[in-house]
Ligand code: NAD
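As structure tokens, one chain now follows by itself in the form predicted on its own.
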Amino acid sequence: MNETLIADVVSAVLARLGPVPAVQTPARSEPSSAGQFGIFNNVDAAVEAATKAQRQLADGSLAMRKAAVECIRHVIRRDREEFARIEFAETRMGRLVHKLAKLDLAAIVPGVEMLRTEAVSGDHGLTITEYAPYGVIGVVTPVTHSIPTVACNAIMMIAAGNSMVCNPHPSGAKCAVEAARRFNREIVEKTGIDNLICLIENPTLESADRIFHHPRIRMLCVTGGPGVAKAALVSGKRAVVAGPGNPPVVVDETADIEKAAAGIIEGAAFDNDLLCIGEKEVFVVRSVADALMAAMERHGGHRLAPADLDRLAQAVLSRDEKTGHYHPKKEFVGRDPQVLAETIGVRVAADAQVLFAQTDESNPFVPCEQMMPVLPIVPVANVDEAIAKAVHYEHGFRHTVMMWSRNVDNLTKMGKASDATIFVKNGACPAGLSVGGEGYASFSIASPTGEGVTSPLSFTRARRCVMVDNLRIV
């Protein structure tokens, strides 16, 4: 195990978006004390408390787990407006209305209803497979969805019988701590168990590293970029890793152009494109490119000149001299399109949702997961070229792809070529998490480790109980 590597990559991830912005402490917050309602100043104390809480939960009933989960749901619904405001004030990214929407989504992620027991009987007896908890799970959450990710992970992990110790991103730690405090307070009142959800109040590189290596933490769940994903994968622990994405959109000549334009704008505008599943670049067959861009203007997009997109890339992206890769400058992540346009002296309408421009694949926005409401539109000769470029610039993350087409063969080609965890056909990206589509939601999309859209079962161990002979009744 290379601990120097872990320290380096976790440090880079935690530092990437800079220091925590100044934000007024929420009015309902209580003075912090180690161990009160899940808030701790060091990892060892948090793990000790979480271990005790998990044993109480494991000794209890499924009804107790369900009650704890319902406490979290209740607090989210009760305090959603305040949670949205304090997260928006602290992180300074995204859109307030979409903070509310994400909290609504977090409140309905699956809980104990997804647990199951499998049974097989035969001439030699009966075998039952049940899905048991790991124990204490170490968690790292992102700044982009601070409270929703904490809430989502807590619901799923507690439903599965676990407790958690979380190192939130420093730039979203205050709001995450406040939410966790309220979740725990409600759980204590209803179940008598404290510290099922433990957070480090002042998260650092050292606290993240301690979580990754603590002997009593049985499993990790991390959400973030390539650095934190790599750190989890080399930690030596079972890890559920929600890594980066750079979701492409393909539009072929058979697509319903009006619907495609509306859906692309809807997805890229959601929370100013902070979602890891959000549309980041578009490859469109050249014969319908002009029609698509005209429709995007009708649906809230502001079209920039190609030269302006190049200037914007220089203003809001930075280039790593060692790797040559581009990254978003932290002060522009999740900012409104009006703010971004002002950096290059362009004024856009107050109701503009997304900036876009025709370009080619040399523009830095194409390979970069920019997390801004900016879309490079790349015309190509045909659908095969569009799919090939989409797969290339998705970088093999196998996270999320979108395609607009009426041609089933083309859709099948895209699905096979991309091998993505989420493939949305003829819909905006939120459909991949049940908003406008079917299924269920999660804020941890584990593409690197294969769990996909995580559920409570992602945080369980399969245990087999075998009874031999003389058990059949038929």
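The structure displayed is predicted, hence computed values, not measured ones. Note that residue numbering follows the sequence shown and begins at 1.
Keep in mind that the form predicted together with ligand NAD is missing from the display, and what follows is about it.
You can rule out all but one of 292-300, 236-244, 343-351, 314-322: in the predicted bound form, only 236-244 has residues with a heavy atom within 4.5 Å of ligand NAD. For the chain shown alone, G111 is not a contact residue for ligand NAD in the predicted bound form, no non-hydrogen atom being within 4.5 angstroms.
Although the partner is absent here, P376 is not a contact residue: none of its heavy atoms lies within 4.5 angstroms of ligand NAD in the predicted bound form.
Though the partner is left out of this view, D194 does not reach within 4.5 Å of ligand NAD in the predicted bound form, counting heavy atoms only. Interface membership of F40, defined by any non-hydrogen atom within 4.5 Å of ligand NAD in the predicted bound form, is ruled out. Out of the listed residues R80, R95, H399, R182, H399 is the one that sits within 4.5 Å of ligand NAD in the predicted bound form by at least one heavy atom. In terms of contact with ligand NAD in the predicted bound form, the residue from Q370, N167, S163, N272 that brings a heavy atom within 4.5 Å is N167. Residues from 210-244 that approach ligand NAD in the predicted bound form with a non-hydrogen atom closer than or equal to 4.5 Å are F212, T223, G224, G225, G227, V228, A231, A242, G243, P244, in the order they occur in the chain.
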